[in-house]
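Heads up, the chain below is alone and in the form predicted on its own; it's given as structure tokens.
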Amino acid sequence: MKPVITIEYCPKCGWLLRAAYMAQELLTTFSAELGGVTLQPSETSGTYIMRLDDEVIYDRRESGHFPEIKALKQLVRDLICPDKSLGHSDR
């Protein structure tokens, strides 16, 4: 089975569009490698957590900021298909 990414976001904070944008970028880049990206509204304010299957790969509270899309793609690539070239995102 292909891995699935879940983006848990705070709807009260207005982070749905950010989560949707990141989901779109990940699905576009990893269309053959991912089984999907799920958006999950959180009941906890300020939440923005990304999981690969059940493993937390990014937590906004721990890092203190949102991920840059380039860094996020590199992180996901390193976890699911380390040999994949990301083109301009690798520079």
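Since the model is a prediction, treat every value here as computed from it, not as a measurement. In case it trips you up, residue 1 is the first one in the sequence shown, and so on.
Just so you know, the form predicted in complex with a further copy of the same chain exists too; it's not on screen, but the next bit is about it.
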#### Entry: Triple contact flag 17, 34 and 39 to a further copy of the same chain in the predicted complex, non-hydrogen atom at 4.5 angstroms
yes
#### Entry: residue 11, heavy atom within 4.5 angstroms of a further copy of the same chain in the predicted complex
yes
### Query
Though only this chain appears here, would residue 28 touch a further copy of the same chain in the predicted complex if you measure heavy atom gaps against 4.5 Å?
yes
#### Entry: residue 43, heavy atom within 4.5 angstroms of a further copy of the same chain in the predicted complex
yes
### Task
Find out whether any non-hydrogen atom of residue 2 is located within 4.5 angstroms of a further copy of the same chain in the predicted complex, and reply yes or no.
yes
